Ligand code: ATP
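Before any questions on how it binds or moves, here is one chain, the form predicted alone, in structure tokens.
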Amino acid sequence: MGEIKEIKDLPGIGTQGAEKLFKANYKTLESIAVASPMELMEVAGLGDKTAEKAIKAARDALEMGFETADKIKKRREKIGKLKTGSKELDALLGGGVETQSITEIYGKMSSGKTQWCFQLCVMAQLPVEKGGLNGNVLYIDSEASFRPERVVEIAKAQGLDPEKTLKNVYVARAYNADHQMLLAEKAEQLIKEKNIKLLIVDSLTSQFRSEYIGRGLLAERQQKLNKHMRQLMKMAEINNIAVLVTNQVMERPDILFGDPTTPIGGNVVGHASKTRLYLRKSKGPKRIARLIDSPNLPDGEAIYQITEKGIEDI
């Protein structure tokens, strides 16, 4: 077998198989290397042994086995930090919202989740030296809550041209859970084409929650959510982009002391989100963000406010 440089060079794939994979958004050796055999069997009709061989060959070609920690350190040096507009929040997040991973924000209604989305739509477009990512935004809207007027207000506050800012935000309305997952798949091809540096899903769980009702459908819901989160995680890591997802909460009647709210999606969402923030409303424009989970940051809280200008320090 010759040197593997493209998908069609993989054993058992050939030109026809490569075309099928390409249509299903598996366009690089990296995308094959991080796929599961089941995924390739579904999208390209491969046999299980062929799928396993193709994945192994892609991993070998990319040297995706063990690697030394200094190489991981080098890759992590490319991580971008997207500022939020509040120094307090940025300090809590260790400099801002990170690329190469998923950041999840959750809270009750009016806690300011969607306002974060609007804010970061604008901040991502700022140059790197001003705390941005110098790129554009993909926005998957599952609750019909996207408001261009808010983006305009925040863009003006940041000194950006509002019309140009809106042109750099690509919005898609997700009508059900499968449609939401399909939009995430389509996002893959737009990331490089449109210089996307931030992908937002607002809200991650609302469609899944409304479609998969009752304990009988819980396992299926979690399976689909898991696939969706894995897809988002892969996109973040491979393309060095920031992924922000908002999540709803539910009341836990078994908790007698403290806050009884817990995010939807359980461990599936919790394990895939590298950084988790719990947002709460306080008096007037004041909001509180608590860092619940992060692999490299201590727990803590930040107090900030949401005004016409967006997210600001008090």
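Residue numbers here begin at 1 and follow the sequence given. Only a predicted model underlies this, so the values are computations on that prediction, with no experimental measurement involved.
Absent from the display: the form predicted in complex with this ligand. The rest refers to it.
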| property | result |
| --- | --- |
| Thr99 within 4.5 Å of this ligand in the model of the complex, heavy atoms | no |
| Partner contact for Lys186 in the model of the complex: this ligand, 4.5 angstroms, heavy atom | no |
| Contact of His179 with this ligand in the model of the complex (heavy atom, 4.5 Å) | no |
| Distance check, Asn195 to this ligand in the model of the complex, heavy atom within 4.5 Å | no |
| Interface stretch in the model of the complex with this ligand - options 143-151, 160-168, 88-96, 228-236, non-hydrogen atom within 4.5 Å | 143-151 |
| Partner-contacting position among Gly131, Gly112, Gly135, Gly80 - heavy atom within 4.5 Å of this ligand in the model of the complex | Gly112 |
| Within 286-310, the residues that have a heavy atom no more than 4.5 Å from this ligand in the model of the complex | Arg287, Ile306, Thr307, Glu308 |
